[in-house]
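First, one chain by itself: the form predicted on its own, in structure tokens.
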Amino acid sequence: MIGDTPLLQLRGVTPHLAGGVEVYAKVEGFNPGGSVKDRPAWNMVRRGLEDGHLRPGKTILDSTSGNTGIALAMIGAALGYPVKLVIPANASRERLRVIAAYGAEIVESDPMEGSDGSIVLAKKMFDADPDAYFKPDQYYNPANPEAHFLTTGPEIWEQTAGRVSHFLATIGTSGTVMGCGRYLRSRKPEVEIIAVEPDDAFHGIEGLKHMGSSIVPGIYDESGFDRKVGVATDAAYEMVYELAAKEGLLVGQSSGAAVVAALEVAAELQSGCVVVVLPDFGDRYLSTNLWTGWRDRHELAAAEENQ
């Protein structure tokens, strides 16, 4: 069930673009675990089984901001392996509950340290008892970008009939942009590959990394893309609200950031086929500041109308 997600043309948020420009969204929330992270999670586990690093008696251990944890918990349950996940304590309640529902054990890391704190704690746990664990190590495992080279990239190529001219993906581990970019360049060297990140170290776009202020993943390689686009948290949130109201797409804040960047790139063009990855749906963020902001925004708008 993992993969073969739909590619949807965005129309409600694109009327200002030149007539020859199309923007398509790869809607990864349709994966069974609800996010793009199902792909690398399964590929890392698959490779671990093949090389013998994952075998009966071991526990799958990794750090995650949530979505990879859900994917690993789901896959571990299906294969009969226990799963232990280190997650920042401020991860959305919905994601923590889904992980727990799959039977995985959650170890909370310092919320002020974000994903970097969970990386450090997971490594400390592994180093203390390496024989007990299989650590996919999504930030350093080449099977992460390989998943997108083998699946996501080819799907986009087929779904656009090779017309894709610009590809954008947000940076968490960077696996999506690395793997898809490598595949698309192998088929069409002139494709422009664009990485999307928060524009500030102190951002509110859950799951994404501001590379200049974070532990840089081992799989991250700036030669793998042509440029980066920084997106403000407020702009990402506003796009989430717009996508819900104008496209009927309820997505997470990283998807909002991705679309902000995609529209910025598309606005530069007179013609082109822009493809952007939407990492997940928004139902796992309804308890977060993302939707508190939505409520505040609409209350303010209503108050202004009544003045």
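The numbering used is simple: start at 1 and walk along the sequence shown. All values derive from a computational prediction rather than experimental measurement.
There is also a form predicted together with a small molecule; it is not shown, and the following applies to it.
Just one stretch in 174-182, 128-136, 97-105, 155-163 has heavy atoms within 4.5 Å of the small molecule in the predicted bound form, so which one is it? Selected stretch: 174-182.
Considering only heavy atoms, tell me if N31 and the small molecule come within 4.5 Å of each other in the predicted bound form. Heavy-atom contact with the small molecule at 4.5 Å: absent for N31.
is_contact(P279, the small molecule) in the predicted bound form, heavy atom dist at most 4.5 Å: Contact with the small molecule, yes.
With the cut-off set at 4.5 Å between non-hydrogen atoms, does N43 touch the small molecule in the predicted bound form? It does not: once the small molecule is placed as it appears in the predicted bound form, N43 has no heavy atom within 4.5 Å of it.
Answer yes if any heavy atom of I87 is within 4.5 Å of a heavy atom of the small molecule in the predicted bound form; otherwise answer no. No - in the predicted bound form, heavy atoms of I87 and the small molecule never come within 4.5 Å of each other.
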